[in-house]
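First comes one chain, alone, set out as structure tokens in the form predicted on its own.
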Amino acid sequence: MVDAGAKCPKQRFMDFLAGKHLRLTSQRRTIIDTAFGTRRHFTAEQLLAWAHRRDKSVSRATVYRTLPLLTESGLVREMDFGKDYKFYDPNYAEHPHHNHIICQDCDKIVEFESEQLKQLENQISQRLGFSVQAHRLQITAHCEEFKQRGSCKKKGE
């Protein structure tokens, strides 16, 4: 028997769909291939545009119905950065303990891990009588390019 942890996130999601008795349509397969084929964080509209490039039949409704399933599966994380839209993190399944710096000017998202932060969260949790199960750190900032030039080439990407 194959260990579920050894399967790629895409296969784990397809197994999740099968467990819920949901069909794997060609549109849904394109959305899954697109979502797990990038390391970039994306919005629903970006996912729709990228998937639509692969298959013109992919509909907005199917993207918006599939995103809650992706997050329910635990393989993609929905992130709220205080915008009018959510971002989705396709790297969550393989790296659940990473953090984010988000540029308020261009929406650039940079992932990072820090052993010092991990040690600090463990120290604080232990001191207060808790055991860390998960954490979420989001730092909001202005990128240096915007600060230096007054604009950023990442804006609108």
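Residue indices: 1-based, along the sequence shown. Note that the structure is predicted; figures quoted are calculated from it, not measured.
Another form, the form predicted together with the DNA, is not on view; read the next lines as being about it.
**Q** Might N91 be said to contact the DNA in the predicted complex, defining contact as any heavy atom within 4.5 Å?
**A** N91: no, not in contact with the DNA in the predicted complex.
**Q** Examine L128 and determine whether its closest non-hydrogen atom to the DNA in the predicted complex is within 4.5 angstroms.
**A** Heavy-atom contact with the DNA at 4.5 Å: absent for L128.
**Q** Report whether the minimum heavy atom distance between N122 and the DNA in the predicted complex is within 4.5 Å.
**A** Judged by the heavy-atom cut-off of 4.5 Å, N122 is well away from the DNA in the predicted complex.
**Q** So in the predicted complex, does any heavy atom of S57 sit within 4.5 Å of the DNA?
**A** Contact with the DNA, yes.
**Q** Heavy atom within 4.5 Å of the DNA in the predicted complex: which of K118, R40, R65, H95?
**A** Only one listed residue qualifies here, and that residue is R65.
**Q** Counting only non-hydrogen atoms, choose the one of 32-40, 128-136, 57-65, 100-108 that falls within 4.5 Å of the DNA in the predicted complex.
**A** Stretch 57-65 is the one.
**Q** If we check the DNA in the predicted complex, which of the residues in 105-122 reach within 4.5 angstroms of it by a non-hydrogen atom?
**A** If the 4.5 Å heavy-atom criterion is applied to the DNA in the predicted complex, 105-122 yields nothing.
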